[in-house]
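Take a look at this single chain in structure tokens; it is the form predicted alone.
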């Protein structure tokens, strides 16, 4: 028995030793796998300097871009001078004409005979042979790699511990077309696109002022997205630009793909349904905001600009208002404000009147509504909720479907389902009219975020109207107004164009006065230059103002 125990103990120890050996072998392979898939950070590139050896630079870049097949590394030998060069670029992100005609051709083909047989210095190649417009030097790989992945071309020379960055961005982009989300009858027809430089150019064409400032930032630890903060020096409020820039610099995200992401990241109140900045795809609207003393934020890859600070009236202003007669524009604006109220509260008002205050209706109308509801199985609250749900579903379906059939499905589907619901005895005809009128009222709002806000507010108003009647509607409206009054965007209140009372700020809110009377910029923005135009009105207009 003692012998068997010794044998078992011996086998047990041998097994443990074998398991330890296997674990060590696995650890070695695991370590090799980790080293093979090493991750690189831009902080690490700052400590890596360009080597004088082309081979070392090439090996390091190949190590960084191990699994990347679109990085083109080309070695060039200048036979006339017996010098070696290395060119690196990302296929598809560069303009091949710049690389071929302004970089390779001047060095290899267009070299003057007097340069044969002598070695060219780094400065001679940079200043005398490369004919590209944008050239800069770098000694560390953090800037080199960043510019390489941004569409520029890198050039390394044997024996030099620095590299050249040649501007060669030239990827395909969408052409400038008409705005799709902010359609207009009069005024410019161009819009922003997904290329940041094209968007900046659209603003430059309209603001030919040397005081136009464009601050370039990069957001996103991995995406390194270019962000442009555009404002007019001498007009903007003191400290506003610095406040916005500091807010953007504090954004620490993995990637930034659209301006709407940045819009939500820099807003001060996170838990609110009301937008705190205006996004627009119209360059003329962005420029008008810049002239007033606001800031336009452009993000590379996004066709929308973010305008800050914003106030409530900006969400109900359309570009057509500034290209039509003042009286007509004022009437249309008043209609939008009324439609904003209808879109948010009309279903709730109908539920409150029919359930708690039928005496407010004319007797014949009250009798007609009662007659249509005699055989219905659901209370008014359920009727309205069903039809609102149907409308929301149809709107989302029309938005997600291809454009060719989306509008048809929305219109035909709404008519068919509404008619079928009335004939089936599920809802009354008046509820169908109320819900349809509410949806149509929301379509008059020029800003999509304002549209989403009213669609969200309908449910609380319906619940308040079905629970407490008019008292619930009024209390909810006061709570919403109090919440909106407390919202601030970069020191500017949401309702500051209405309160405190300033006459010159009211000239471009619910009504629009003639342009000749809008001599000053809005006081709420505290602009440094308050004068927008010189008083050159005619005598008749002077009499009208008096």
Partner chain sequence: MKNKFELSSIDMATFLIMSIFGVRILTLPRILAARMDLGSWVSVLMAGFITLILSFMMYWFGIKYPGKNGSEIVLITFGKYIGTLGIFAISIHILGAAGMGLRLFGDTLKLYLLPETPFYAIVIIMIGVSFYAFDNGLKSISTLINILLPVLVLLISILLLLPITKIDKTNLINPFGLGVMPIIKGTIPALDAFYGFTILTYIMPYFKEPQSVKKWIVVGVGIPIIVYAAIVFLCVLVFGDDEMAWLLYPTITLIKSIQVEVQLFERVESLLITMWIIIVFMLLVLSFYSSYLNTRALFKTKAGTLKDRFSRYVQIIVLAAFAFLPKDVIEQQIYREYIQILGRVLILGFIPAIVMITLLKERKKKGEK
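Every value quoted in this text rests on a predicted model; they were computed, and no experiment measured them. Residue numbers count along the first chain shown, from 1.
This next part talks about the form predicted in complex with the partner chain, which is not shown.
Against the partner chain in the predicted complex, the set 192, 196 and 210 makes no contact: no member has a heavy atom within 4.5 Å. Proximity to the partner chain in the predicted complex, defined as a heavy atom within 4.5 Å, singles out one entry of 105, 174, 357, 222, which is 357.
Among residues of the shown chain, residue 516 is not one whose heavy atoms approach the partner chain to within 4.5 Å in the predicted complex. Among residues of the shown chain, residue 511 is not one whose heavy atoms approach the partner chain to within 4.5 Å in the predicted complex.
A residue is said to contact a partner when one of its heavy atoms sits within 4.5 Å of a partner heavy atom; residue 496 meets this definition for the partner chain in the predicted complex. In the predicted complex, at least one heavy atom of residue 240 sits within 4.5 Å of a heavy atom of the partner chain.
Partner contact region in the predicted complex: 467-475, out of 182-190, 259-267, 146-154, 467-475, criterion any non-hydrogen atom within 4.5 Å of the partner chain.
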